[in-house]
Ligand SMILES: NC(=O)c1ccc[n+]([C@@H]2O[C@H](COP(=O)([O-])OP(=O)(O)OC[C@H]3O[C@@H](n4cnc5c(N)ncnc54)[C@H](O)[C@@H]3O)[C@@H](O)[C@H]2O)c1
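Starting off, we have a lone chain in the form predicted on its own, written out as structure tokens.
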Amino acid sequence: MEKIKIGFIGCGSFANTVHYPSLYEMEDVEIAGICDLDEKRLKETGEKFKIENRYTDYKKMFEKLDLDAVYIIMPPHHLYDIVVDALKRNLNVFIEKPPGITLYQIKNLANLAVKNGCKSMVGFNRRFIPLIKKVREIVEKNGPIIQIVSTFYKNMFPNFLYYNGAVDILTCDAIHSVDIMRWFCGEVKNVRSIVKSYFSNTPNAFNAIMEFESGATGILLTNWTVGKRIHTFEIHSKCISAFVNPNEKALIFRDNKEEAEILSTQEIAQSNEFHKFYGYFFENRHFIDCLKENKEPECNFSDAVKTMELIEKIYKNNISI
């Protein structure tokens, strides 16, 4: 079997939890080399996943290895120059969200990927959670989605800064809730929002109502000052409603019936492993399959531009200013 050769930049805890295990399981993938400035993490990751080629300079990895693609998994404010270098070397690239600090950055990366004929992907894993994909399939059998509610609550009190303030909450993390609404309903026609800073000078609550070009209505509810992490979705169509907690289960109600159809997150994914039931394995599988089939990944850099544009609209259309 011909294997896709991957270079990996970043040996942090997140990459070790979801991306390395996903790729390591795939028989048609070889993690040919890894790179990290932290030699301890580099050694531990290499030993754990049996990777012999280890580098502290990613440029040396690019020069010495014949790679099909590179994963660049690091904080967003460290990302841009390395992604540009990879694309200029005609390497296909996978990065995590957010796809840049600004809309301007991801537009430049998207243009460069197209110019150099590179496949690109941003890790919007919620699109690939098996439970969410199954729920969408069930709901859309009744017709197009007419209403969606995307909820994401966290408690980061009193420190609301990601990477010491390098990137804002909505762009860095709540972007998951914004992107999944686009994935369900398409592009947005109108947006009205309320962006607030509670107990802080930093915006930490982002609530919006959206009208999609499809006619669907979207409601975004996010707040980083509340009790705990709660991340849920409502998806509604004609005579059907789904209430989804991707960590646990989905409840589906039909035709005014009291009893719900219950779908378990782990049962739908056929796995109790987090990197599988929460979509990371399947987003990685999608990227690898697209490389093998010469297809553009679903959430490529150009598509990520549209999610970042929606982030900008939420800020711009803040009625509480």
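We number the residues from 1 along the sequence you see. This one's a predicted model, so the numbers in the text were calculated from it and none came from an experiment.
What comes next is about the form predicted in complex with the named molecule, which is not displayed.
The candidate spot formed by 33, 46 and 60 lies out of contact with the named molecule in the model of the complex, as no residue has a heavy atom within 4.5 Å of it.
Among heavy atoms of residue 24, none comes within 4.5 Å of the named molecule in the model of the complex. In the model of the complex, the named molecule sits within 4.5 Å of a heavy atom belonging to residue 37. In the model of the complex, none of the heavy atoms of residue 215 sits within 4.5 Å of a heavy atom of the named molecule. Of the heavy atoms in residue 82, some are within 4.5 Å of the named molecule in the model of the complex. Stretch-level contact check against the named molecule in the model of the complex with heavy atoms at 4.5 Å: of 202-210, 181-189, 104-112, 123-131, the positive one is 123-131. Only one of 54, 285, 41, 292 lies close to the named molecule in the model of the complex, with a heavy atom inside 4.5 Å, and it is 41. Of the listed positions (97, 119, 136, 236), a single one reaches within 4.5 angstroms of the named molecule by any non-hydrogen atom in the model of the complex, namely 97. If you take 75-90 and check each residue for a heavy atom within 4.5 Å of the named molecule in the model of the complex, you get 75, 76, 82, in sequence order.
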